[in-house]
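There is one chain below, alone, in structure tokens, taken in the form predicted on its own.
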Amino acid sequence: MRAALFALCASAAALAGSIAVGATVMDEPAVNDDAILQGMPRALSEYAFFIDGARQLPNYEVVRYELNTPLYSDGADKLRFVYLPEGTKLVSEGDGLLEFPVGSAIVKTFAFGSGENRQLIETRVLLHRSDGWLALPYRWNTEQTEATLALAGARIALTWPDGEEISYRIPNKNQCKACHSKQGAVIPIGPKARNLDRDWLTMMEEERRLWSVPQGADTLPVWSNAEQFETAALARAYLDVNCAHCHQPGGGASNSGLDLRWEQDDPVKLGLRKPPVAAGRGAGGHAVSIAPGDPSASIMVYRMSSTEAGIAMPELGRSTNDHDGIAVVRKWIEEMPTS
């Protein structure tokens, strides 16, 4: 993953260099700080995050990053970027979320396919303003030349290479809040130090974009190298990334009593032998969130394995099942001692 990360960085630098032949990076248009700090730009290009949006080639002020364990979104590829205002730095006091200065932005593009067949679907931006974070979705046009503001969201019919047809959802502005909300405030959920590559964090520190690499950074398993990690670590990382933004104190599903954060070590709060707060369709007739040794009797697996509204978990962000994620959580539960 690290090798791939630097290959991407090198590739981006090479591309930027080829475009800036005979000039300097300072000739590239600067990121539009005003667009980040006020209003709702109608077009993604107004921010100037990219010098080539179709190729997702970032502006020289924008830095690409990846996550060790990514959130599943119908199998979409995600291209992630951060922008920090000149002279500012990220701050981290531990392995939790990095603190972004006002005026910064987190940019994530969702795409399907590869090479010449890659199709950009949407780009979500999180803008840090003086009154908090604002989440906005932008939908790419068919020509892949521009993405426009999609406050109402959208449904897009897509066909996977294996023939599976899916109804991909671009969330509306309020649905963005559902996953990015804690104690009523919108927050980022992805860039936690523990889920970021140490080499990337070191690079950011050396470039004076991060105060220091914190203890506990880069501790979540690298999902693309899953065979190198224990099942429990993979499952806990998966739950932390895909579920804990709601299932934690102050999160949107805190009333469930589940706390699926990586740092939680109370078995009951993780769901072991824990009865549901309210038995309903979502329980599927099962008695506990996790029945050690028996994934088929566990509400958690039941809900992860459904795409039916009112049962499926997570509620947003997927219309298909993440078979790899389900398999890891099933194996984790199977390996649990029954007494």
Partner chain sequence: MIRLTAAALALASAAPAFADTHTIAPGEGAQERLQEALILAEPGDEVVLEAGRFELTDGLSLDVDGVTLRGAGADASILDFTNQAGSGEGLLVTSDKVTLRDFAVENAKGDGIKSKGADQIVYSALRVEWTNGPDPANGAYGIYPVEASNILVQDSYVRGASDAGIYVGQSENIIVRGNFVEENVAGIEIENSNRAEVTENLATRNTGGILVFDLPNLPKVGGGDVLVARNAVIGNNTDNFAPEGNIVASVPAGTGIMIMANTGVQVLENALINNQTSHVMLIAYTQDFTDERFQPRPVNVTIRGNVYGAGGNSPDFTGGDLLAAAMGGALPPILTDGLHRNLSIEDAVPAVSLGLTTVGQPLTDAKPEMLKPVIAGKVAQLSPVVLPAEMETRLK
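Positions refer to the first chain, counted from 1. This one's a predicted model, so the numbers in the text were calculated from it and none came from an experiment.
The discussion below concerns the form predicted together with its partner chain, not included here.
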{"query": "Non-hydrogen atom within 4.5 angstroms of its partner chain in the model of the complex for each of 75, 78 and 208", "finding": "no"}
{"query": "Heavy atom within 4.5 Å of its partner chain in the model of the complex - the one residue of 264, 202, 231, 254 that qualifies", "finding": "254"}
{"query": "Heavy atom within 4.5 Å of its partner chain in the model of the complex - the one residue of 287, 54, 43, 30 that qualifies", "finding": "287"}
{"query": "Proximity to its partner chain in the model of the complex (heavy atom, within 4.5 Å), stretch among 194-202, 211-219, 236-244, 254-262", "finding": "254-262"}
{"query": "Proximity of residue 276 to its partner chain in the model of the complex, heavy atoms at 4.5 Å", "finding": "yes"}
{"query": "Non-hydrogen atom contact residue 283 with its partner chain in the model of the complex at 4.5 angstroms", "finding": "yes"}
{"query": "is_contact(residue 152, its partner chain) in the model of the complex, heavy atom dist at most 4.5 Å", "finding": "yes"}
{"query": "Its partner chain contact at residue 293 in the model of the complex, heavy atom, 4.5 Å", "finding": "no"}
{"query": "Residues of stretch 61-91 in contact with its partner chain in the model of the complex (4.5 Å, non-hydrogen atom)", "finding": "none"}
